[in-house]
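Consider the single chain below, provided in structure tokens and representing the form predicted alone.
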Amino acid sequence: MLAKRIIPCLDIKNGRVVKGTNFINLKDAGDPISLARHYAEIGADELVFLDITATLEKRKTLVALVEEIGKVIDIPFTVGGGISDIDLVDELLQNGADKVAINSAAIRNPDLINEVSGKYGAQCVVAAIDAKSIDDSWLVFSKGGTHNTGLDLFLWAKELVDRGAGEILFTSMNADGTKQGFEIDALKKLTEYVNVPVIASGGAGSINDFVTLFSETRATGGLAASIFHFGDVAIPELKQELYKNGISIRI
């Protein structure tokens, strides 16, 4: 059995880590380089860096900051935000990123997933999906959660995998920052719908939320931000509790 992964997320705006609720009301959470180093040292399995305003501001991901973070960590590093062409993927992978997370650009140009996967392999491609539950349907949003695409979460995830994505990062916009738990029902369906690893994002508020996630769904990774940044949950204690509950985890 593959070990489950605990993944802190650095949402970046103006060079700082920020965190909000339901994609709004952002507040400062610290220096990204210091936080990245800290997480690598205390046992995070991977790190995700999302330049959350790059697409809205129509600019590229902060490559220089990615490079600086890459120098201080020794764990797998996924970078997303504003990635819309293969040239930027080349640049990021050459400057510290191990994987790229592609979200809005894949909606505009789905062939980008095929292109990146064809050049670097599926293991480098994380398809990031922001979705919201509306009238009993899970709909995909783009542009930092500001635009309802009308796409169905599960069908879109399946298409992305068929095009070459090696992993799905699903963020529930309903649960984001609420600390009320992961979207278990949606994750059950999603992890049965696609045959690649799924990272769950949005809603983590306690150690028990991760126990429930890994016990009741096939998700392979649990991603969180504020509970780690602000000290609500410590990664070493989280891993010990998961281990006690019989969940395969790297201690």
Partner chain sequence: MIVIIDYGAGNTKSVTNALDRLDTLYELTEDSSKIKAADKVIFPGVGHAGHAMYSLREKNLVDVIRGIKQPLLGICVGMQLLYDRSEEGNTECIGLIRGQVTKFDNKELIVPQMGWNTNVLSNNKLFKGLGESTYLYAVHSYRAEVTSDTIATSVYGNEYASAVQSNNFYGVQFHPEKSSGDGQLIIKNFLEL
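Positions refer to the first chain, counted from 1. This one's a predicted model, so the numbers in the text were calculated from it and none came from an experiment.
Omitted from view is the form predicted in complex with its partner chain, to which the following refers.
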For this session: Consider the chain as shown here, without its partner, and state which of Gln180, Gln94, Thr146, Asn109 has a heavy atom within 4.5 Å of its partner chain in the predicted bound form.
Result: Gln94
Exercise. Heavy atoms within 4.5 Å of its partner chain in the predicted bound form: which stretch among 80 to 88, 132 to 140, 94 to 102, 172 to 180?
Worked result: 94 to 102
Problem set entry | Arg250: touches its partner chain in the predicted bound form, heavy atom cutoff 4.5 angstroms | yes
For this session: Indicate whether Glu46 is a 4.5 Å heavy atom neighbour of its partner chain in the predicted bound form.
Result: yes
Exercise. Quick one: is Leu35 in contact with its partner chain in the predicted bound form, heavy atoms, 4.5 Å cut-off?
Worked result: no
For this session: State yes or no: in the predicted bound form, is some non-hydrogen atom of Arg218 no more than 4.5 angstroms from a non-hydrogen atom of its partner chain?
Result: yes
Exercise. Is any part of 106 to 126 within 4.5 angstroms of its partner chain in the predicted bound form by a non-hydrogen atom, and which residues would that be?
Worked result: Gly118, Tyr120, Gly121, Gln123
